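First, one chain by itself: the form predicted alone, in structure tokens.
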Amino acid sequence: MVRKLMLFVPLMAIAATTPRIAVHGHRGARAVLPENTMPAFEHAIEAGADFLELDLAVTKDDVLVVSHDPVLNPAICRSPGGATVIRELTLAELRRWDCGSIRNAEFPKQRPVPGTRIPTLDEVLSLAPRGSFQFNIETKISPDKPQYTPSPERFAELLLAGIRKRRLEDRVMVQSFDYRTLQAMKRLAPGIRLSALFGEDARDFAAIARNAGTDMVSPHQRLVTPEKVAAAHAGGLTVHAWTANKPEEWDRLISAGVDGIITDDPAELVRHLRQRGLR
């Protein structure tokens, strides 16, 4: 009995001192509900996610809306006809699209929510009083498709105005594959946390962060190794890996020492962390 107690106490001490791994609900919780919709974000909040991860596009009338695709995807959204590029649609025109009726075939657990519309950024940020969770906001912009978005500077201005309207500067991180918006945001508001997204770059994480001008990195999970994470931490960086949906992927990232995991199923990841005594 004494021997069992001596083994138990150190395990409890280890769990108590292990840094909390942040759970990011990718596009809300698209494994179970239509992506980037209010039902998905509300589910992630109820599941205990630390971050709501979302994507931004900009309408013709300069409204920030939450969509991964700058060109509306008929595989997940039902069209009323007309233009499909969000930048060519006003908010009122965009609201005619139903992005909840069609189940995403990649996610067999996903439940349709007919009649669900693409939300504005402000509508998603209005969820902030429901908890202490944070927002991981990705700017969907590309230098080779300038017609799909305003300029990086204008994009950053619109985003900063939306963040400041809700007084959420301390609860937001901004990430992007296109580092121009991150650099524009840094010039406008140096206190906003920024993260460099990448999926192919095999360089050291610190080198990527220096290039982007960020204090965080968001690598694809396959690029994550314990050595790269340790070097990033030594340089004062945090690491949030995407997008991991399987227990074996979560365990590998946990062992590597990441600070956060972006997942399509935040409820399952929260449950997995609890089972491992990490939450």
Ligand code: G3P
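As the structure is a computational prediction, the values presented were derived from the model and not from experiment. One-based numbering along the sequence shown.
The same protein has a further form, the form predicted together with this ligand, not shown here; the description that follows concerns it.
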item: Interface stretch in the predicted complex with this ligand - options 41-49, 221-229, 57-65, 239-247, non-hydrogen atom within 4.5 Å; value: 239-247
item: Close approach of Arg193 to this ligand in the predicted complex, 4.5 Å, heavy atom; value: no
item: Contact flag, Glu138 vs this ligand in the predicted complex, heavy atom cut 4.5 Å; value: yes
item: 4.5 Å heavy atom contact, Phe133 and this ligand in the predicted complex; value: no
item: Any non-hydrogen atom of Thr181 within 4.5 angstroms of this ligand in the predicted complex; value: no
item: Among the candidates Tyr148, Phe107, Phe177, Trp97, the residue which, in the predicted complex, approaches this ligand to within 4.5 Å (heavy atoms); value: Phe177
item: Contact assignment for this ligand in the predicted complex, among Leu197, Ala156, Ile86, Val124, heavy atom within 4.5 Å; value: Leu197
item: In the predicted complex, residues of 254-270 near this ligand [heavy atom within 4.5 Å]; value: Ile262
